[in-house]
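Below sits a lone chain in structure tokens, taken as the form predicted on its own.
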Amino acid sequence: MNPSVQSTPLNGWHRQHNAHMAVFAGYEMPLWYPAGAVTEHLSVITHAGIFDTAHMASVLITGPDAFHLLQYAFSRDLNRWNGKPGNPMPTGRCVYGVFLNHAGEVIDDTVIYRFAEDCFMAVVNAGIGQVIFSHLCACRSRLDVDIRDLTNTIGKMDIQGPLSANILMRVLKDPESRLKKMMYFGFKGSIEPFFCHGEPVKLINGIPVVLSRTGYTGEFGFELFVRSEDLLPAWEMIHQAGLEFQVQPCGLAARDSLRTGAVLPLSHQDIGSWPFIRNPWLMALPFQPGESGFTKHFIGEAVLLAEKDADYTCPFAGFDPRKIETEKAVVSDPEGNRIGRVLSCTTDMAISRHNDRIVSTASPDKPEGFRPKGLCCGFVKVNRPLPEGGIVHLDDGRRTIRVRIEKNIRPDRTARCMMEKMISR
């Protein structure tokens, strides 16, 4: 392996299990395993899949002014938890948002975790830990805050899919109390000496974990943070416990198709070096009611409020599994006028169209004998607003495909389902 390419603590496991490897964001990562990306994708919809996400970075922000730094540098208003004024973000919860530069462009998207009144963790994308560390240092001015890049110190894996909790019940100490009433975008546990929240959460072999009910697939599941040296034994224990539930190890290909069907952006591809506005993820901005302004001052706000000419980012789904290469793909309206470019295009193999609506293999009202053929899906960036249901054409120079603008893509996703319902499956 190229010495400049990094690896996660699970690299040897991936190789022993014949994963197809490739370099992504400076890390050698599995793209898929012998079962194939389609099987991995479907396993997360119907059973469970585990993902090596140790390439992602964590930045620790502590000190008396940690909250004030994030109020300025992070897009979400932490003083308006769930949009309610005077209701600050509680400990044990996390929230999605973006770090912007002064031009209103995305440096990276992130999930912020609050462990204590003065202790936060930002989880950012692979290779971005030092970038966000430097950005926060430049923003802190005279604030009393300590910032630490934990890249390659904290290990991370995800378990996603409707049977995820059943698998964790086999490997957690006191699983009922740890999982009971765990809310979406809530977390429990601690990893000393880095961060602590409430009672510790441990695996049955004693490994301490931070267990978070989050993920990047749109499906019910969890992210687990451990010390880097504990990641391999934690992974092996969870994989072994999951075999009776048909768990599949999953690579980056399935991760990409799952997140796209769930209308989740890939940083530096679907969001990036253009103003973060006119897109499906505006919940990451602190809008006042009616979107007449913002509820706080933050980096990039002035540009976003003044922006009049920004392009529009829209989700789409096709009518069959065929997809296109995005590097040179353009978007045209039905009259043949070029109106933009394609940001992402993959295939969600869990869905098909039936009677003019998208149906998932997980849909409770799917037709008898339903077998999904898959639909291509992704995001386009165009120079005009496109109505839901509008038709556009994507052309990469080899083929042209017809797609429809959608507000939602894969229906009946399970991410927000109540814990009690999922454990009893």
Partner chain sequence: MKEISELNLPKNILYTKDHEWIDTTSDPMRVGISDYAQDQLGEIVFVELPEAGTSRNRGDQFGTVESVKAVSETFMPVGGEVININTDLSDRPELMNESPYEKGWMMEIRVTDPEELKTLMDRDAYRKFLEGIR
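Computed from a predicted structure; not experimentally measured. Positions refer to the first chain, counted from 1.
Just so it is clear, the following notes concern the form predicted together with the partner chain, a form of the same protein that is not shown.
Partner contact region in the predicted complex: 322-330, out of 262-270, 80-88, 164-172, 322-330, criterion any non-hydrogen atom within 4.5 Å of the partner chain. Taking a 4.5 Å heavy atom cutoff to the partner chain in the predicted complex, the contact residue among 349, 107, 201, 247 is 349. A single residue from the set 60, 382, 359, 38 has any heavy atom within 4.5 angstroms of the partner chain in the predicted complex; that residue is 38.
Heavy atoms of residue 68 never reach within 4.5 Å of the partner chain in the predicted complex, leaving it off the interface. In the predicted complex, at least one heavy atom of residue 20 sits within 4.5 Å of a heavy atom of the partner chain. The partner chain is not shown here, but in the predicted complex it comes within 4.5 Å of a heavy atom of residue 32. The partner is not shown here, but in the predicted complex the stretch 394-413 reaches within 4.5 angstroms of the partner chain through a heavy atom at 398, 399.
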